[in-house]
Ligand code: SGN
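The chain that follows stands alone, in the form predicted on its own, written as structure tokens.
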């Protein structure tokens, strides 16, 4: 009996020693806000000619790019909550940005700590409350600011002068070089604000792309004629809802006092300018002043004004992306200098996709492809094949499980995703999911996108805007990748519609989602459009 106990003790110590050893990979998870895959060169979208992301593209060439990567709920806080918990929004309790995340619940950083990982997070949390499960952390309050941001540390709130993307990168580099325990594997989460609205670039990038014309999306002037009513009654059009001053900085100064163009106007850029130094403001006005003067002289109207707004917006967005891409390069260079790059998994992702003029829009929220898709790129030395591309249906629901399996930790049975480790090894599991489930909840709210749920398979997508009765949309993504032709209600598509509805119901039962689905329909909060 004593010999058995002794053997058991030695076995336990051996397993523990292996778990605490250096063979397990470090994980560097870089996560941005609102970075659409088609604004990454490696994804070969219509913005590829601009070449906005050379460092991210290099990462993809050295690892695996997931071509069919999607979110479960296309909005900032809920996406992060899904990643932390490995559970859909209705299970982790964070369904919209007005919620507060319960940090006491089971989350993957806590589970990593239990198996010997050192954990840290810097940047945008957007989950409210003090982060749990991290050995070190510093997060932005709410959305945070682009210039001279406040950061919340364990010992209080502090202002850090500089550009937010650089500030977050500095904190991460400092942790890697000075704070981490070198005998432990780590999970480092670097979470940037960029390229979130109001798209304020670093001073060094204010004139980037001035000499080029950004390609226009083919759907810039979409009129949503074949969509269900929600697409026509939103508040995220570049034409009618993107403010020339608050969003595009025309004549914007700290002294600006003109009324906003919409009720829920985002004024964060204007507020941020009040914190900028004289030197920062001087550089800012030197860049935008001549452009503003040229705009006023042009006196643009109609489609030409929309085209100008698109160019201004897209360039600022991509300028913010440039800062993120530089951060990737700096972080990877730090790993090389520390000689730990060969045992560090580097992951790049963002909380959802984004509209960069696609369908005439900006922002996200919809289940349409541009906001449903999210980038996911993984370089795992010795495991992922360089330059490989995966086409399985994956979601942010799978990240927690993936991190845990990478670390050799047990994946809890109540997590709802699946580890991507087999895919990263080049395997093709026969039982992999053939459809994904989506549910968006935040209505009425900013941009007025109604609640909806839906299913996406490799070929089809079915969406139900359930707050307004029988408002459905069906798309064949093979023949109609831009989702311009709603097939719902057409006799020749009745069979696939019935099949998808049946599969959708199975997914809702599988994920135990009965959150708001049965609520009674409400009346449209209709906007009066020009000419109506």
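Computed from a prediction, not measured in an experiment: that's the story for all the values here. Positions refer to the first chain, counted from 1.
Absent from the display: the form predicted together with the named molecule. The rest refers to it.
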Assert contact_stretch over 286 to 294, 405 to 413, 446 to 454, 213 to 221 against the named molecule in the model of the complex, heavy atom within 4.5 Å, equals 446 to 454
Although the named molecule is absent from this view, report whether residue 192 comes within 4.5 Å of it in the model of the complex, heavy atoms only. no
Answer yes if any heavy atom of residue 420 is within 4.5 Å of a heavy atom of the named molecule in the model of the complex; otherwise answer no. no
Can you work out whether residue 197 and the named molecule are in contact in the model of the complex, taking contact to mean some heavy atom pair no more than 4.5 Å apart? yes
Is residue 473 part of the interface with the named molecule in the model of the complex - any heavy atom within 4.5 Å? no
As a check of understanding, the residue in 246, 366, 117, 437 with any heavy atom within 4.5 Å of the named molecule in the model of the complex should be identified as 246
Exactly one residue in 143, 99, 105, 148 has a non-hydrogen atom within 4.5 Å of the named molecule in the model of the complex; which is it? 143
Using a 4.5 Å cut-off on heavy atoms, which residues of 120 to 139 contact the named molecule in the model of the complex? 124, 126
